[in-house]
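The chain below stands alone and is given in structure tokens; this is the form predicted alone.
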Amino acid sequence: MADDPQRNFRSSYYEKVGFRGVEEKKSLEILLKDNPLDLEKLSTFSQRFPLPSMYRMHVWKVLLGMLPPHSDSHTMVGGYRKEQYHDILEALEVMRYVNSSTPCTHVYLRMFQLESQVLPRCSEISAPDEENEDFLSISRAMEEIIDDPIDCYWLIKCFVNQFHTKFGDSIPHLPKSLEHYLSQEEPRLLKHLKNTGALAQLPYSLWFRRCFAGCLPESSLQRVWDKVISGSCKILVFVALEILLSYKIMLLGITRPEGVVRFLCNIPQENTDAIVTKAIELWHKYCGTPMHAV
């Protein structure tokens, strides 16, 4: 679709006078009036533009399949989701897997295990393994974003299922992809990480399997998850890349791999919005910008 010169002029004008995103917000509102909702157009919008916070949760629910494309079914399906949530929770309480003092994130884990038919016997429950810790990390982050426990559980479940279904085969290749782009952007840092033995020990699980849950504050994390939910796991590579670039001087001064890992697992939280913005720019630079069709 050819770009609209008048629209581009308006967008440029709005940005100059401080109303960046006005046109995009209007475009999203038009998309959300469709019935059924066009998932491809919603995904393209989310890939290309920031999602306004007032519409983010609704777009997530639709793109994750928590709500169907047909808007007139949303209330009914929401009711079914609520009933199912309470049925699963009651079953776990009767079986004494959870009680009123169980942390919500552990409740969500047991609910997810029950629905996935992998719930262990009570006598066999042990400390969470790595896969369960990934789930719990994502749950803790989602809990900070969503107040309603029913919506929170369903978004966690749909996010985790979609992530593994769509990107499960790609995740093991993301570290090599990160190495490639780092060689393009900052070969000196890449050489340093290799020479110190840190490259192989970077917190790939935190970055790629947990999608930065527990690494970035929720305000920044939501913008990354916008891209993941709308169809790109490659954005995770560029967030990791931009973290390395942003703290290049600090990392070049660390000679032990455990020191590098310790720092990267606890990066300063005040600069993360700028990191995510630059990461998205790098992502568009290397991967292109999807055509926007409204």
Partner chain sequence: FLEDVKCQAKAELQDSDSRYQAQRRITQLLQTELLQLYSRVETEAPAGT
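The shown structure was predicted, so the numbers you read here are calculated from the model rather than taken from an experiment. Positions refer to the first chain, counted from 1.
Missing here is the form predicted together with its partner chain; even so, the following discussion is about that form.
Heavy atoms within 4.5 Å of its partner chain in the model of the complex belong, among the stretches 117 to 125, 205 to 213, 220 to 228, 165 to 173, to residues of 117 to 125.
Taken together, V77, Q84 and A91 are fully in contact with its partner chain in the model of the complex: each brings a heavy atom within 4.5 Å. Residue contact with its partner chain in the model of the complex: A200 places no heavy atom within 4.5 Å of it. Proximity of W154 to its partner chain in the model of the complex: non-hydrogen atoms within 4.5 Å are present. Contact check for M95: a heavy atom falls within 4.5 Å of its partner chain in the model of the complex. By the criterion of a heavy atom within 4.5 Å, N195 is excluded from the residues contacting its partner chain in the model of the complex. With the partner omitted from this view, the residue of K26, R256, R262, H70 that lies near its partner chain in the model of the complex is H70 [heavy atom within 4.5 Å].
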